[in-house]
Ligand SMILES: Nc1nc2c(ncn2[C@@H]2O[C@H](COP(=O)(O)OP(=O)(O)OP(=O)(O)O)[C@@H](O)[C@H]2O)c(=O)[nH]1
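Take a look at this one chain, the form predicted alone, written out in structure tokens.
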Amino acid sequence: MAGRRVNVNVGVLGHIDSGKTALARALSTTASTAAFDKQPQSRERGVTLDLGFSCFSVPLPARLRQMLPAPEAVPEVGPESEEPQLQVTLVDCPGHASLIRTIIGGAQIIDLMMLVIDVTKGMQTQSAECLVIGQIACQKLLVVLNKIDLLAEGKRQAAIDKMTKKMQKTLENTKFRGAPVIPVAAKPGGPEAPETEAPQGISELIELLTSQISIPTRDPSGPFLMSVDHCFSIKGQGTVMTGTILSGSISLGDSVEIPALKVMKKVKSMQMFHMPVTSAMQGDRLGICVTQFDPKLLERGLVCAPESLHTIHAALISLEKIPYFRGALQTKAKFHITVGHETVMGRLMFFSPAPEHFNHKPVLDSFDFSREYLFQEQFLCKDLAPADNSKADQQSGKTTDGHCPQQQWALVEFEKPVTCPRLCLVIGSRLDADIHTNTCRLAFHGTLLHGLEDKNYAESFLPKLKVYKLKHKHGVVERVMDDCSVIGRSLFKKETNIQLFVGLKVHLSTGEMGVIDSAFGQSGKFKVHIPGGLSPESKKILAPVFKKRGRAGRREVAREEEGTEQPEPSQPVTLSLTFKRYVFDTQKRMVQSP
């Protein structure tokens, strides 16, 4: 077990100016090439613009040693005599609202999240968004109340206690209920204060972090996939791509592909925080050196095992609405779609199981093309405020009976192709919303179940997707022809080609089933054949029009065509026509259940 190092990624998230980078600096003993706002633009503006990476190590706690995987699965780093180390990689995320897509990218590679709160301000807009992202992408959280040095000494403990209670109440309705809250001062006196001012509460925070961390499940099998966040050249050596391994493992000499560029390269050397390694696996922070590659071609993106990733133009996703997002998720609406580590615009079409399957358990790793699905004008949800009437219910996306399906899907059509793995995280946002309003811009999250690689997927693939609209039409029986035939009206418009509906079943409100036989005249009326004939009760209801029917002939048809109104039953008998029309059926057929 000597010399083994277990890596755990801890995200540092929070509102801008809550002191995240100062906290990462206070905790870290080793910095990567992209730590502590090394970017010139970051220094110029005084804010974090990109993901920063740094780390510290502590002896692996005894409770974690027994959870270690087989020796060959964990990289050996450093001298043989060293005892096992827990390496905590800190992922310092930006806090500015405009950089939310970078924050989402950072959240997908972390095992535990530190939510940094300015103790003098409490929860702010981006603190809330970071909490939402954490709920989607992370399993564990701890809250760091920073800048306690700014509190008046006499009232400090009371202010910390008050903010701790507030944060615990905020977390009550999340999966992080009961998460620990700890006070610190990462940079006493603020950014301009001399370095002689020692941070407060850092050793306690390291102790708390160590107690909260568990060894994540790491799987070295499967295709290698790495999220690259920085790319730069080193004179005389080559180009270094630094990132976090999302799946699989890699060894020196392996070939990797940069799928967005269709470029293959051989791994010349590898490092973890300046220490050479010969292999690395899922969860590790890694730098890969390749030769003859221009770093300007890859600012950030994915690197993978050759031919293991595909570029897609559209996707089928399973999704859930984020409760804090105000408003409905409408079909045909456009959202910023973060797929894996790319963000592009996408248009959505929502659909759900057929109503009789609303209670089926969700299936989160596959999509069944043999089933039929019901088209939705919007995502159905129960979490919106009660509406006053059914029209408001429909506009809000809330079902009038409060019955929602266990699982819903969407077809997402991307404005430009994206390269991503199957079953990756998908987050939909409205990043164009005003960042100064106190609203959540994250709308939904889900899983990518099926990617459509063919550029002409609308013709080649979508007809296989059996999403239907349920159509209902209502009319009335105008009069009776004989015991087995009636004339109907008000089901179609005058200009409708009734021939398309011939053979479809209609139901009379008196209980009989009929079949549309033909058009009747030119005014949208039609003849219905009733195979079983009208019942005696129906004849009584329709009695007035039977009497008027005695001298039927050409003269009567002529009167029909002229639009002369005929006597109706004293109690109107209605006709209802129900059929399915499949959204992607090129022939626009109307289908009825047998």
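From 1 onward, residues are counted along the sequence shown. Small disclaimer: the values here were computed from a predicted structure and weren't measured.
Not pictured, yet referred to below: the form predicted in complex with this ligand.
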* To do: Mark Asp149 yes when one of its heavy atoms lies within 4.5 Å of a heavy atom of this ligand in the model of the complex, and no otherwise.
  => yes
* Asked: Does at least one non-hydrogen atom of Arg218 fall within 4.5 angstroms of this ligand in the model of the complex?
  -> no
* Asked: With the cut-off set at 4.5 Å between non-hydrogen atoms, does Gly134 touch this ligand in the model of the complex?
  -> no
* May I ask you to state whether Ala22 is within 4.5 Å of this ligand in the model of the complex, using heavy atom distances? => yes
* Is every one of His15, Ala186 and Gly189 within 4.5 Å of this ligand in the model of the complex, counting heavy atoms? -> yes
* Determine which one of 316-324, 219-227, 464-472, 140-148 lies within 4.5 Å of this ligand in the model of the complex, judging by heavy atom distances; exactly one does. => 140-148
* To do: Taking 4.5 Å between heavy atoms as the contact cutoff, choose which of Gly346, Pro94, Gly243, Gly514 touches this ligand in the model of the complex.
  => Pro94
